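Okay, here we've got a single chain as structure tokens, the form predicted alone, with questions on binding and movement later.
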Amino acid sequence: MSAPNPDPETRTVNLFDGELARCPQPVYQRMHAQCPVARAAMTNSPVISRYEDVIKGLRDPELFSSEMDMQMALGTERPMIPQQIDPPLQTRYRKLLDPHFSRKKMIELEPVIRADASALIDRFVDEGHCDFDPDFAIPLPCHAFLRLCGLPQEDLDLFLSLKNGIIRPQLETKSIDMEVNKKARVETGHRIYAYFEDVIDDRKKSPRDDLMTRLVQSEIDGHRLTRNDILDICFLLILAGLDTVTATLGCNIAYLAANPDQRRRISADPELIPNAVEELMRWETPVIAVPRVATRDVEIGGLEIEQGELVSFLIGAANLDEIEFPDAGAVDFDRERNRHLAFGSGPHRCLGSHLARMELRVAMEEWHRRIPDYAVEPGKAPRYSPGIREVMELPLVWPAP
């Protein structure tokens, strides 16, 4: 018999439990009821689940720092910018980058992304079936990322390999050995740096109207960004830009395929889709946790946290907190007040939130316009990955024309 998750006797939670990947909401609800502050079963590190505690922690970088030694875990040689540096330096980089990911910029990009979504659907709509992740959820955000950066669309497969080599190296190595995958991350990191070294050199010689050129030409406090600055920004962009929207889109469609009444609502009334996007981000929250390092000893909810401990702020659980979200266990596309934390909070709130919202909205609008009546293939079931909850297999079927 497997141990309960969470285990109220030991006050531990298994963040890599299969149930947490497949259906996390019951785990979150048990945490709130039994042990809203706990320790991770494998690492003994603190795990915080209540909305109020999570949002306070994310908004206090002086107490919970983003500057942590993650190089070996992610294959980087330096901290990613601006995600792994703290204010006030982080603030200067955000002021530089935010305009490139503004609502206005996303409005300009939307028609191209809509055309990309429709073109992808053209490939399989008449067949009456697809594997949603590789056929749609993976390529659409990747096309958007490549267009935004001004990188060639034919490099899509390379970028997918680079992204997986960092986030899910086991897909590339076909191994579960931690040392093998740690080495693979480092090797992939070298490939990422080398790729963008060449792009930087190219944009210095031949400027274009794209994000990479703007980074090469940007200044902070009167000084051009260094080569390493640009590389460390690009390393973050390739991970954030190619994975989280894919994961969110897959989780959203898997939910709608399993809940036909909700699916029929948004198919019949596309005006509901923006609210549905927000509510499904709250409900699914594919990036379940955000790590921070405690800068001094502190106590949260009776749990003593020591200086230097890595703390997991469980934003997925915070989004199911009944104190913040009345009837949190129901998916309500008419929810009026939805301060979900799927994009985090505080100074490190997701840089690409406007891009992600636009991609998700456009993807769901185009999908339900073209394929309003779909379901999971009979006899099959979605397969979710732990950590970032991507739906690795989502075989869908619908009536062929």
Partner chain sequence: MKVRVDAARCTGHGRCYDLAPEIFGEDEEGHCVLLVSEPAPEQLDDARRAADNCPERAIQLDAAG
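Model, not experiment: these values are computed from the prediction. Positions refer to the first chain, counted from 1.
A second form of this protein, the form predicted in complex with its partner chain, is not displayed here; the remarks below concern that form.
Shown alone, this chain has one stretch from 354-362, 367-375, 38-46, 24-32 that lies within 4.5 Å of its partner chain in the model of the complex by heavy atoms: 354-362.
Under a 4.5 angstroms non-hydrogen atom cutoff, its partner chain in the model of the complex has residue 336 among its neighbouring residues.
Taking the partner from elsewhere, residue 61 is found to have every heavy atom lying beyond 4.5 Å of its partner chain in the model of the complex. Within 4.5 Å of some heavy atom of its partner chain in the model of the complex lies at least one heavy atom of residue 278.
Though the partner is left out of this view, residue 98 does reach within 4.5 Å of its partner chain in the model of the complex, counting heavy atoms only. This chain lacks the partner; the member of 182, 204, 103, 147 within 4.5 angstroms of its partner chain in the model of the complex by a non-hydrogen atom is 103. For the stretch 29-60, the set of residues having any non-hydrogen atom within 4.5 angstroms of its partner chain in the model of the complex comprises 51, 52, 55, 59, in sequence order.
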